[in-house]
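Here's a solo chain for you in C-alpha coordinates, the form predicted on its own.
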(Lines give C-alpha, C1' and ligand atoms only; values in the text may rest on other atoms or scores of the structure.)
Protein backbone atom coordinates (compact mmCIF):
# COMPACT_ATOMS: atom_id res chain seq x y z
CA UNK A 1 0.00 0.00 0.00
CA UNK A 2 1.60 3.25 -1.16
CA UNK A 3 0.92 6.46 0.68
CA UNK A 4 -0.60 9.32 -1.33
CA UNK A 5 1.45 12.19 -2.64
CA UNK A 6 1.42 15.39 -0.62
CA UNK A 7 -0.44 17.85 -2.82
CA UNK A 8 -0.06 21.15 -0.92
CA UNK A 9 1.67 23.95 -2.82
CA UNK A 10 0.89 26.78 -0.43
CA UNK A 11 0.88 27.42 3.31
CA UNK A 12 -2.84 26.59 3.50
CA UNK A 13 -3.42 23.77 5.95
CA UNK A 14 -3.61 20.25 4.55
CA UNK A 15 -3.90 17.04 6.56
CA UNK A 16 -1.76 14.08 5.61
CA UNK A 17 -1.34 10.40 6.41
CA UNK A 18 -0.69 8.78 9.76
CA UNK A 19 2.96 7.84 10.23
CA UNK A 20 3.29 4.07 10.55
CA UNK A 21 6.46 2.01 10.74
CA UNK A 22 8.20 0.96 7.52
CA UNK A 23 9.46 -2.57 8.08
CA UNK A 24 10.48 -4.97 5.35
CA UNK A 25 9.03 -2.70 2.68
CA UNK A 26 5.56 -2.48 4.24
CA UNK A 27 3.65 0.01 6.37
CA UNK A 28 2.77 -1.52 9.73
CA UNK A 29 1.35 -0.05 12.95
CA UNK A 30 3.18 -0.41 16.24
CA UNK A 31 2.36 -3.44 18.32
CA UNK A 32 1.89 -1.03 21.25
CA UNK A 33 -1.25 0.40 19.65
CA UNK A 34 -0.21 3.84 20.88
CA UNK A 35 -0.18 7.02 18.77
CA UNK A 36 0.23 10.73 19.26
CA UNK A 37 -0.92 13.67 17.11
CA UNK A 38 1.27 15.35 14.50
CA UNK A 39 0.84 19.10 14.51
CA UNK A 40 1.42 21.56 11.70
CA UNK A 41 3.16 24.26 13.79
CA UNK A 42 2.18 27.10 11.45
CA UNK A 43 -1.50 26.40 12.01
CA UNK A 44 -1.45 24.47 15.31
CA UNK A 45 -3.71 21.93 13.59
CA UNK A 46 -3.36 18.17 13.43
CA UNK A 47 -1.94 16.76 10.18
CA UNK A 48 -2.18 13.13 11.28
CA UNK A 49 -0.94 10.78 13.97
CA UNK A 50 2.36 8.96 14.53
CA UNK A 51 2.66 5.45 15.88
CA UNK A 52 4.65 5.15 19.12
CA UNK A 53 6.80 2.05 19.04
CA UNK A 54 8.47 -0.10 21.67
CA UNK A 55 11.12 -2.79 21.87
CA UNK A 56 9.07 -5.35 19.92
CA UNK A 57 8.77 -2.97 16.97
CA UNK A 58 12.51 -2.28 17.02
CA UNK A 59 13.18 -6.00 17.05
CA UNK A 60 10.85 -6.54 14.08
CA UNK A 61 12.80 -3.94 12.12
CA UNK A 62 16.10 -5.53 13.12
CA UNK A 63 14.93 -8.96 11.98
CA UNK A 64 13.86 -7.55 8.60
CA UNK A 65 17.21 -5.78 8.30
CA UNK A 66 19.18 -8.91 9.24
CA UNK A 67 17.33 -10.89 6.59
CA UNK A 68 17.99 -8.34 3.83
CA UNK A 69 21.52 -7.18 4.66
CA UNK A 70 23.67 -10.15 3.52
CA UNK A 71 22.40 -10.08 -0.05
CA UNK A 72 22.74 -6.29 -0.15
CA UNK A 73 26.33 -6.52 1.11
CA UNK A 74 27.21 -9.10 -1.55
CA UNK A 75 26.51 -6.57 -4.30
CA UNK A 76 29.55 -4.65 -5.51
CA UNK A 77 29.75 -1.18 -4.06
CA UNK A 78 29.16 0.42 -7.44
CA UNK A 79 25.88 -1.48 -7.81
CA UNK A 80 24.77 -0.35 -4.36
CA UNK A 81 25.55 3.22 -5.36
CA UNK A 82 23.28 2.93 -8.38
CA UNK A 83 20.28 3.01 -6.05
CA UNK A 84 21.45 6.40 -4.81
CA UNK A 85 21.79 7.70 -8.36
CA UNK A 86 18.19 6.71 -9.00
CA UNK A 87 16.80 8.08 -5.72
CA UNK A 88 18.62 11.37 -6.39
CA UNK A 89 16.74 11.64 -9.69
CA UNK A 90 13.45 10.79 -7.97
CA UNK A 91 14.01 13.45 -5.31
CA UNK A 92 14.71 16.00 -8.02
CA UNK A 93 11.51 14.90 -9.76
CA UNK A 94 9.52 15.31 -6.52
CA UNK A 95 11.47 18.29 -5.21
CA UNK A 96 8.47 20.58 -4.74
CA UNK A 97 6.39 17.91 -3.04
CA UNK A 98 9.15 17.04 -0.58
CA UNK A 99 9.86 20.72 0.12
CA UNK A 100 6.23 21.55 0.85
CA UNK A 101 5.92 18.48 3.07
CA UNK A 102 8.95 19.56 5.12
CA UNK A 103 7.48 23.06 5.23
CA UNK A 104 4.15 21.82 6.63
CA UNK A 105 5.43 19.32 9.17
CA UNK A 106 8.30 21.46 10.46
CA UNK A 107 7.07 25.04 10.01
CA UNK A 108 9.87 26.35 7.81
CA UNK A 109 9.15 28.91 5.14
CA UNK A 110 9.22 27.29 1.73
CA UNK A 111 12.58 28.75 0.65
CA UNK A 112 14.29 27.26 3.69
CA UNK A 113 12.48 23.95 3.26
CA UNK A 114 13.68 23.85 -0.34
CA UNK A 115 17.24 24.52 0.79
CA UNK A 116 17.10 21.64 3.24
CA UNK A 117 15.83 19.22 0.59
CA UNK A 118 18.52 20.43 -1.81
CA UNK A 119 21.13 19.72 0.85
CA UNK A 120 19.70 16.22 1.33
CA UNK A 121 20.10 15.65 -2.41
CA UNK A 122 23.69 16.90 -2.19
CA UNK A 123 24.39 14.35 0.56
CA UNK A 124 23.03 11.58 -1.64
CA UNK A 125 25.12 12.83 -4.55
CA UNK A 126 28.21 12.55 -2.37
CA UNK A 127 27.19 9.00 -1.53
CA UNK A 128 27.10 8.21 -5.24
CA UNK A 129 30.78 9.17 -5.42
CA UNK A 130 31.92 6.92 -2.57
CA UNK A 131 32.90 3.98 -4.79
CA UNK A 132 35.51 6.29 -6.33
CA UNK A 133 36.79 7.26 -2.89
CA UNK A 134 36.66 3.99 -0.99
CA UNK A 135 39.81 2.42 -2.39
CA UNK A 136 41.43 1.12 0.76
CA UNK A 137 44.83 1.13 -0.89
CA UNK A 138 47.46 -1.55 -1.21
CA UNK A 139 51.20 -1.73 -0.91
CA UNK A 140 53.96 -4.26 -1.43
CA UNK A 141 55.41 -4.04 2.07
CA UNK A 142 58.29 -6.41 1.33
CA UNK A 143 59.32 -8.76 -1.46
CA UNK A 144 56.35 -10.92 -2.36
CA UNK A 145 54.16 -9.59 0.48
CA UNK A 146 51.25 -7.24 -0.16
CA UNK A 147 48.94 -5.50 2.33
CA UNK A 148 45.56 -4.04 1.36
CA UNK A 149 42.43 -2.71 3.09
CA UNK A 150 38.85 -3.70 2.36
CA UNK A 151 35.93 -1.76 3.87
CA UNK A 152 33.31 -4.20 5.14
CA UNK A 153 29.82 -3.30 6.41
CA UNK A 154 29.03 -3.33 10.11
CA UNK A 155 25.72 -5.12 9.37
CA UNK A 156 22.56 -3.68 10.89
CA UNK A 157 22.96 -0.02 11.89
CA UNK A 158 20.64 2.75 13.09
CA UNK A 159 20.19 6.51 13.14
CA UNK A 160 18.15 8.75 15.46
CA UNK A 161 17.40 12.19 14.04
CA UNK A 162 15.89 15.52 15.28
CA UNK A 163 12.91 17.63 14.25
CA UNK A 164 14.69 20.60 12.70
CA UNK A 165 15.79 19.01 9.40
CA UNK A 166 13.47 16.04 8.81
CA UNK A 167 14.93 14.94 5.48
CA UNK A 168 18.43 16.39 5.51
CA UNK A 169 19.87 14.97 8.72
CA UNK A 170 18.91 11.34 7.92
CA UNK A 171 20.88 11.81 4.71
CA UNK A 172 23.98 12.79 6.65
CA UNK A 173 23.97 9.11 7.58
CA UNK A 174 22.06 7.00 5.10
CA UNK A 175 24.09 7.29 1.84
CA UNK A 176 27.36 6.26 3.47
CA UNK A 177 25.70 3.46 5.43
CA UNK A 178 23.94 2.04 2.37
CA UNK A 179 26.91 2.28 0.03
CA UNK A 180 28.94 0.63 2.79
CA UNK A 181 26.65 -2.41 2.56
CA UNK A 182 24.62 -1.99 5.75
CA UNK A 183 20.92 -2.28 6.45
CA UNK A 184 19.64 0.88 8.16
CA UNK A 185 16.97 1.53 10.80
CA UNK A 186 15.85 5.15 11.17
CA UNK A 187 14.08 6.55 14.22
CA UNK A 188 12.99 10.05 13.10
CA UNK A 189 11.70 12.70 15.47
CA UNK A 190 8.16 11.86 16.53
CA UNK A 191 7.33 15.50 15.73
CA UNK A 192 8.24 15.33 12.01
CA UNK A 193 8.09 11.79 10.57
CA UNK A 194 6.06 12.40 7.44
CA UNK A 195 8.67 13.51 4.90
CA UNK A 196 10.76 10.39 5.53
CA UNK A 197 7.66 8.33 4.80
CA UNK A 198 7.75 9.63 1.25
CA UNK A 199 11.50 9.13 1.16
CA UNK A 200 11.12 5.46 2.12
CA UNK A 201 8.87 4.88 -0.86
CA UNK A 202 11.29 6.73 -3.15
CA UNK A 203 14.05 4.38 -2.01
CA UNK A 204 11.83 1.43 -2.81
CA UNK A 205 10.99 2.92 -6.20
CA UNK A 206 14.73 3.38 -6.82
CA UNK A 207 15.24 -0.35 -6.35
CA UNK A 208 16.49 -0.61 -2.78
CA UNK A 209 15.62 -4.15 -1.61
CA UNK A 210 12.93 -4.35 1.04
CA UNK A 211 14.34 -4.56 4.55
CA UNK A 212 17.55 -2.66 3.77
CA UNK A 213 15.92 0.56 5.00
CA UNK A 214 13.38 0.56 7.84
CA UNK A 215 11.64 3.24 9.88
CA UNK A 216 10.61 2.79 13.50
CA UNK A 217 8.59 5.74 14.80
CA UNK A 218 8.35 6.56 18.47
CA UNK A 219 9.91 8.34 21.40
CA UNK A 220 11.97 7.35 24.45
CA UNK A 221 11.05 3.66 24.45
CA UNK A 222 12.11 3.26 20.82
CA UNK A 223 15.38 5.10 21.42
CA UNK A 224 16.24 2.93 24.41
CA UNK A 225 15.39 -0.23 22.50
CA UNK A 226 17.70 0.81 19.66
CA UNK A 227 20.49 1.53 22.14
CA UNK A 228 20.04 -1.86 23.79
CA UNK A 229 19.42 -4.18 20.84
CA UNK A 230 22.39 -6.58 20.53
CA UNK A 231 22.09 -6.95 16.75
CA UNK A 232 22.49 -3.23 15.98
CA UNK A 233 26.22 -2.71 15.53
CA UNK A 234 26.50 1.05 15.01
CA UNK A 235 24.34 4.01 16.01
CA UNK A 236 24.41 7.70 15.10
CA UNK A 237 22.37 10.33 16.93
CA UNK A 238 21.69 14.03 16.37
CA UNK A 239 19.86 16.06 19.02
CA UNK A 240 20.41 17.87 22.31
CA UNK A 241 23.59 17.41 24.31
CA UNK A 242 21.63 16.11 27.30
CA UNK A 243 20.15 13.26 25.29
CA UNK A 244 23.33 12.75 23.26
CA UNK A 245 25.24 11.96 26.45
CA UNK A 246 22.60 9.47 27.56
CA UNK A 247 22.44 7.75 24.17
CA UNK A 248 26.21 7.62 23.86
CA UNK A 249 26.65 6.04 27.31
CA UNK A 250 23.82 3.53 26.93
CA UNK A 251 24.62 2.41 23.39
CA UNK A 252 28.36 2.21 24.08
CA UNK A 253 27.69 0.07 27.13
CA UNK A 254 25.76 -2.27 24.84
CA UNK A 255 28.88 -2.69 22.69
CA UNK A 256 27.93 -0.48 19.76
CA UNK A 257 30.07 1.90 17.77
CA UNK A 258 28.41 5.24 18.57
CA UNK A 259 28.58 8.80 17.33
CA UNK A 260 26.31 11.45 18.85
CA UNK A 261 26.03 15.09 17.85
CA UNK A 262 24.70 17.37 20.57
CA UNK A 263 23.77 21.00 21.04
CA UNK A 264 25.59 24.24 20.33
CA UNK A 265 26.23 27.79 21.43
CA UNK A 266 27.83 29.46 18.45
CA UNK A 267 29.90 32.60 19.07
CA UNK A 268 30.31 35.02 16.16
CA UNK A 269 33.13 37.47 16.81
CA UNK A 270 32.80 40.86 15.11
CA UNK A 271 35.93 42.95 14.71
CA UNK A 272 35.55 46.74 14.28
CA UNK A 273 36.80 46.56 10.68
CA UNK A 274 34.11 44.08 9.57
CA UNK A 275 32.17 44.98 6.44
CA UNK A 276 28.93 46.62 7.59
CA UNK A 277 26.54 45.28 4.94
CA UNK A 278 27.96 41.76 4.83
CA UNK A 279 28.05 41.45 8.61
CA UNK A 280 24.58 42.92 9.18
CA UNK A 281 22.83 40.80 6.57
CA UNK A 282 24.77 37.65 7.29
CA UNK A 283 24.38 37.80 11.07
CA UNK A 284 20.64 38.45 10.85
CA UNK A 285 20.17 35.54 8.48
CA UNK A 286 22.26 33.28 10.67
CA UNK A 287 20.31 33.66 13.91
CA UNK A 288 16.84 33.81 12.35
CA UNK A 289 17.16 31.19 9.60
CA UNK A 290 14.91 28.22 10.38
CA UNK A 291 13.73 30.41 13.27
CA UNK A 292 17.01 29.75 15.02
CA UNK A 293 16.12 26.07 15.33
CA UNK A 294 19.41 24.76 14.00
CA UNK A 295 22.64 23.85 15.72
CA UNK A 296 24.65 26.16 13.45
CA UNK A 297 22.63 29.32 14.13
CA UNK A 298 24.37 32.40 15.50
CA UNK A 299 23.78 32.52 19.25
CA UNK A 300 26.18 35.15 20.59
CA UNK A 301 27.52 38.20 18.75
CA UNK A 302 30.77 39.18 20.48
CA UNK A 303 31.33 42.85 19.60
CA UNK A 304 35.00 43.80 19.87
CA UNK A 305 35.95 47.38 20.63
CA UNK A 306 34.20 50.18 18.75
CA UNK A 307 31.55 48.09 16.99
CA UNK A 308 28.38 50.04 17.71
CA UNK A 309 27.79 50.68 14.00
CA UNK A 310 27.85 46.94 13.39
CA UNK A 311 25.41 46.27 16.21
CA UNK A 312 23.08 48.91 14.79
CA UNK A 313 23.37 47.31 11.37
CA UNK A 314 22.47 43.85 12.67
CA UNK A 315 19.44 45.23 14.52
CA UNK A 316 18.28 47.15 11.46
CA UNK A 317 18.53 44.09 9.21
CA UNK A 318 16.86 41.84 11.78
CA UNK A 319 13.96 44.29 12.16
CA UNK A 320 13.13 43.81 8.48
CA UNK A 321 12.51 40.07 8.90
CA UNK A 322 8.88 38.99 9.06
CA UNK A 323 7.65 35.82 10.75
CA UNK A 324 5.94 33.56 8.23
CA UNK A 325 7.62 35.25 5.26
CA UNK A 326 11.33 35.53 5.98
CA UNK A 327 11.49 32.81 8.62
CA UNK A 328 9.10 30.18 9.86
CA UNK A 329 7.43 29.38 13.13
CA UNK A 330 8.56 27.57 16.28
CA UNK A 331 8.02 23.82 16.44
CA UNK A 332 5.48 23.81 19.30
CA UNK A 333 3.96 25.82 22.14
CA UNK A 334 6.36 24.45 24.75
CA UNK A 335 9.32 25.65 22.70
CA UNK A 336 7.85 29.17 22.50
CA UNK A 337 7.50 29.23 26.30
CA UNK A 338 11.05 27.97 26.81
CA UNK A 339 12.59 30.51 24.40
CA UNK A 340 10.53 33.37 25.86
CA UNK A 341 11.71 32.44 29.35
CA UNK A 342 15.34 33.01 28.30
CA UNK A 343 14.44 36.47 26.97
CA UNK A 344 12.42 37.39 30.07
CA UNK A 345 15.16 36.29 32.44
CA UNK A 346 17.92 38.12 30.58
CA UNK A 347 15.86 41.30 30.51
CA UNK A 348 15.15 41.01 34.24
CA UNK A 349 18.89 40.69 34.92
CA UNK A 350 19.75 43.83 32.98
CA UNK A 351 20.01 42.89 29.32
CA UNK A 352 18.66 45.53 26.97
CA UNK A 353 16.10 44.31 24.43
CA UNK A 354 17.11 46.05 21.20
CA UNK A 355 14.59 44.10 19.13
CA UNK A 356 11.66 42.29 20.75
CA UNK A 357 10.07 39.35 18.95
CA UNK A 358 7.79 38.32 21.80
CA UNK A 359 4.19 38.33 20.68
CA UNK A 360 4.99 38.74 16.99
CA UNK A 361 3.00 36.40 14.78
CA UNK A 362 2.90 35.12 11.27
CA UNK A 363 -0.13 34.65 9.08
CA UNK A 364 -1.74 31.71 10.90
CA UNK A 365 -2.60 30.74 14.47
CA UNK A 366 0.46 28.64 15.15
CA UNK A 367 3.56 28.98 17.29
CA UNK A 368 5.45 32.16 16.57
CA UNK A 369 8.30 34.29 17.81
CA UNK A 370 9.96 37.16 15.98
CA UNK A 371 13.64 38.02 15.74
CA UNK A 372 14.96 39.17 19.13
CA UNK A 373 18.25 40.92 19.89
CA UNK A 374 19.52 41.23 23.47
CA UNK A 375 22.39 43.62 24.23
CA UNK A 376 24.71 43.76 27.27
CA UNK A 377 24.26 40.07 27.95
CA UNK A 378 26.50 38.81 30.76
CA UNK A 379 27.66 35.40 31.89
CA UNK A 380 25.29 35.28 34.86
CA UNK A 381 22.38 35.04 32.40
CA UNK A 382 21.38 31.60 31.11
CA UNK A 383 20.93 33.12 27.66
CA UNK A 384 24.69 33.70 27.51
CA UNK A 385 25.74 30.07 27.77
CA UNK A 386 22.75 27.75 27.25
CA UNK A 387 21.38 26.73 23.87
CA UNK A 388 18.18 28.71 23.26
CA UNK A 389 17.27 27.14 19.88
CA UNK A 390 15.18 30.06 18.74
CA UNK A 391 15.54 33.37 16.83
CA UNK A 392 17.40 35.12 19.65
CA UNK A 393 20.79 36.85 19.32
CA UNK A 394 22.73 37.73 22.46
CA UNK A 395 25.29 40.55 22.23
CA UNK A 396 28.30 40.51 24.53
CA UNK A 397 30.78 43.40 24.43
CA UNK A 398 34.54 43.07 24.94
CA UNK A 399 37.57 45.29 24.41
CA UNK A 400 39.98 42.88 22.73
CA UNK A 401 40.07 39.97 20.35
CA UNK A 402 41.60 37.73 23.01
CA UNK A 403 38.67 38.46 25.34
CA UNK A 404 36.25 37.46 22.57
CA UNK A 405 38.11 34.23 21.89
CA UNK A 406 38.20 33.46 25.63
CA UNK A 407 34.40 33.71 25.81
CA UNK A 408 34.04 31.11 23.08
CA UNK A 409 36.75 28.91 24.53
CA UNK A 410 34.97 28.89 27.89
CA UNK A 411 31.76 27.52 26.37
CA UNK A 412 31.18 23.81 26.89
CA UNK A 413 29.99 23.66 23.28
CA UNK A 414 32.17 23.63 20.19
CA UNK A 415 29.96 23.23 17.16
CA UNK A 416 30.29 26.42 15.11
CA UNK A 417 32.07 29.75 15.48
CA UNK A 418 32.87 32.62 13.15
CA UNK A 419 34.79 35.85 12.85
CA UNK A 420 33.82 38.91 10.81
CA UNK A 421 36.76 40.99 9.65
CA UNK A 422 38.49 42.35 6.57
CA UNK A 423 41.90 41.41 7.94
CA UNK A 424 43.43 38.09 6.96
CA UNK A 425 45.69 38.29 10.01
CA UNK A 426 42.73 38.69 12.38
CA UNK A 427 40.83 35.91 10.63
CA UNK A 428 43.71 33.44 10.86
CA UNK A 429 44.37 34.42 14.49
CA UNK A 430 40.80 33.49 15.39
CA UNK A 431 40.57 30.38 13.21
CA UNK A 432 43.58 28.90 15.00
CA UNK A 433 42.30 29.68 18.50
CA UNK A 434 38.55 29.10 18.44
CA UNK A 435 37.68 25.75 20.02
CA UNK A 436 35.07 24.74 17.47
CA UNK A 437 34.93 21.99 14.90
CA UNK A 438 33.45 24.27 12.23
CA UNK A 439 34.71 27.84 11.85
CA UNK A 440 33.58 30.54 9.45
CA UNK A 441 35.24 33.70 8.20
CA UNK A 442 32.53 36.23 7.29
CA UNK A 443 30.11 33.27 7.18
CA UNK A 444 27.56 32.99 9.97
CA UNK A 445 26.51 29.42 9.25
CA UNK A 446 29.82 27.66 8.53
CA UNK A 447 28.35 24.32 7.49
CA UNK A 448 30.86 22.44 5.34
CA UNK A 449 29.64 21.44 1.90
CA UNK A 450 30.06 17.86 0.77
CA UNK A 451 32.43 16.03 0.79
CA UNK A 452 33.64 17.85 3.90
CA UNK A 453 32.15 16.34 7.04
CA UNK A 454 29.85 17.87 9.64
CA UNK A 455 30.84 17.71 13.30
CA UNK A 456 31.82 19.83 16.27
CA UNK A 457 34.06 19.56 19.33
CA UNK A 458 33.61 19.44 23.11
CA UNK A 459 30.02 18.83 24.28
CA UNK A 460 28.73 19.24 20.73
CA UNK A 461 29.93 15.75 19.78
CA UNK A 462 30.54 12.42 21.44
CA UNK A 463 32.50 9.85 19.48
CA UNK A 464 35.28 10.03 16.91
CA UNK A 465 35.11 11.76 13.53
CA UNK A 466 32.38 13.64 11.70
CA UNK A 467 28.93 12.29 10.94
CA UNK A 468 29.01 12.91 7.19
CA UNK A 469 31.58 12.87 4.40
CA UNK A 470 34.48 10.40 4.44
CA UNK A 471 34.39 10.07 8.25
CA UNK A 472 30.77 8.97 7.92
CA UNK A 473 31.70 6.19 5.51
CA UNK A 474 34.46 5.01 7.84
CA UNK A 475 32.02 5.04 10.76
CA UNK A 476 29.55 2.72 9.03
CA UNK A 477 32.23 0.28 7.87
CA UNK A 478 35.01 -1.85 9.33
CA UNK A 479 38.45 -1.95 7.71
CA UNK A 480 39.62 -5.49 6.98
CA UNK A 481 43.41 -5.64 6.52
CA UNK A 482 44.53 -8.42 4.19
CA UNK A 483 48.14 -9.54 3.91
CA UNK A 484 49.05 -11.97 1.08
CA UNK A 485 52.12 -13.91 0.00
CA UNK A 486 52.30 -16.25 -3.00
CA UNK A 487 55.99 -17.04 -3.40
CA UNK A 488 58.67 -18.19 -0.98
CA UNK A 489 61.72 -15.92 -0.86
CA UNK A 490 65.15 -17.41 -0.21
CA UNK A 491 65.84 -14.97 2.62
CA UNK A 492 62.38 -15.01 4.18
CA UNK A 493 61.58 -14.52 7.84
CA UNK A 494 58.25 -14.84 9.61
CA UNK A 495 57.43 -11.31 8.43
CA UNK A 496 58.64 -11.55 4.82
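Keep in mind it's a predicted model, so treat the numbers as computed, not measured. Residue numbers count along the first chain shown, from 1.
This next part talks about the form predicted in complex with nicotinamide-adenine-dinucleotide (NAD), which is not shown.
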Exercise. Though only this chain appears here, would residue 396 touch nicotinamide-adenine-dinucleotide (NAD) in the predicted complex if you measure heavy atom gaps against 4.5 Å?
Worked result: no
Exercise. With the partner left out of view, is residue 72 within 4.5 angstroms of nicotinamide-adenine-dinucleotide (NAD) in the predicted complex by any non-hydrogen atom?
Worked result: no
For this session: Would you please decide whether residue 187 lies within 4.5 angstroms of nicotinamide-adenine-dinucleotide (NAD) in the predicted complex, comparing each non-hydrogen atom pair?
Result: yes
Exercise. Would residue 237 show up as a contact with nicotinamide-adenine-dinucleotide (NAD) in the predicted complex if we use heavy atoms at 4.5 Å?
Worked result: yes
Exercise. Which of these stretches, 86-94, 371-379, 162-170, 298-306, has heavy atoms within 4.5 Å of nicotinamide-adenine-dinucleotide (NAD) in the predicted complex?
Worked result: 162-170
For this session: Please pick, from 200, 154, 384, 243, the one residue with any non-hydrogen atom lying within 4.5 angstroms of nicotinamide-adenine-dinucleotide (NAD) in the predicted complex.
Result: 243
Exercise. Looking at 220, 320, 78, 361, which is the one with a non-hydrogen atom within 4.5 Å of nicotinamide-adenine-dinucleotide (NAD) in the predicted complex?
Worked result: 220
Problem set entry | Members of 402-423 lying within 4.5 angstroms of nicotinamide-adenine-dinucleotide (NAD), judged by heavy atom, in the predicted complex | 415
